[in-house]
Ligand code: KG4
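This document opens with one chain alone, in structure tokens, the form predicted alone.
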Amino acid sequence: MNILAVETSCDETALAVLECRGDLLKGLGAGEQSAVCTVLGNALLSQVEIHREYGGVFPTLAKREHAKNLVPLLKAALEEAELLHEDTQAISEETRDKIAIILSREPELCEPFLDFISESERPAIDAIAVTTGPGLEPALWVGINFAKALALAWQKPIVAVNHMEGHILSALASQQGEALLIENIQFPVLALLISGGHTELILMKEWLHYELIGRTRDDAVGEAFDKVARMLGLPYPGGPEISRLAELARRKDAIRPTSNVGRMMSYTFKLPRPMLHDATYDFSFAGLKTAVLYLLKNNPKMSEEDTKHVAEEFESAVADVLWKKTARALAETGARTLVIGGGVSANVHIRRTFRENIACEYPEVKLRIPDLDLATDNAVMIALAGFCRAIRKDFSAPDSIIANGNVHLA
């Protein structure tokens, strides 16, 4: 089955074509389900530089950039997949009118889209997968309407994909040469989803059935990283900047000079670990963010080294909380596989913390963290989720598909 995936949930425009085979729905025993997907084409364009001056993603600007980039990226993905064949196609006026209505929210996309489908053969695609949420709704709508227009022009079914399900499935897939292989998954699966908008613990006892067991009560972990980065005067996106400074601090000798009497020295910075011993699986990062704010107010003359160590202590506090909560959930749910997904799963220290602690405390648990190129938003993960839904015939009527920025996986 060839899946074309469209991802426009935030500030990455991404399209991918995957050739997938297998069946993950046969049973629950180890080895009974497996799927292998080969990435035939993959095109992604980040808008980070465009949004940097705003200190965050500007939704209407993201929407405009998605509309501008989708057709060129579709051509690139299909060409890489060797599925792009130029040939004049007769498009009826009725079809043109329907496409114009679908793309009425994105008028700048309509003409390039019609030109493309009029000048190329219908590719060998079996289904179209598109992210419908969560995310920024103006951005989501661009991808959804693009997918609807493609489905109409090519007469293909659509799979509506939850973005977070994509993160889970991409973490479960292991790289085998040019292929992504999902096999020998031991249930229950516990997923820690950490991103700019999410901090959740999800339990999956069988394929594609989810139970929310823990969540943030205020800020998501990625949001906390970005807010603390702004406090420290770091550029957007803040998470990678904090990680970079924290890693520099960890390489330094722990012993610091004791001059400048009266100023708190770098190695004495200490931040709280919110809800670390709370009996639930829930998280809270607002208090940690506030603690950084007061630390900076009380120490207005921070040196460059001090800033590095604030970043280090903040990142360590986050990693400690994420691990302790997840460890409690592992112990109490009996999970045999731990997945870490979402953009923050790219964080070096968080990955290291979980690998070391799993090896020491839960060696029987299989840890699954996606490769860095699949950790952040991408269309490959949407194609994986789309395939898993398509093999169970979980298609959606185009008119029923809407953008839902706050949709939950469970």
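Keep in mind the model is a prediction, meaning the values are calculated, not measured. Just count from 1 along the sequence shown to find any residue number.
Although not depicted, the form predicted together with this ligand is the subject of the following passage.
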{"property": "Segment that reaches this ligand in the predicted complex - one of 236 to 244, 296 to 304, 181 to 189, 78 to 86, heavy atoms within 4.5 Å", "result": "236 to 244"}
{"property": "N347: touches this ligand in the predicted complex, heavy atom cutoff 4.5 angstroms", "result": "yes"}
{"property": "Residue contact check: G342 to this ligand in the predicted complex, 4.5 Å heavy atom", "result": "yes"}
{"property": "Close approach of K325 to this ligand in the predicted complex, 4.5 Å, heavy atom", "result": "no"}
{"property": "Partner proximity in the predicted complex: K148 to this ligand, non-hydrogen atom cutoff 4.5 Å", "result": "no"}
{"property": "One residue of E200, E313, E106, E223 in contact with this ligand, assessed in the predicted complex (non-hydrogen atom, 4.5 angstroms)", "result": "E223"}
{"property": "Contacts with this ligand in the predicted complex, stretch 158 to 181 (heavy atom within 4.5 Å)", "result": "H163, H167"}
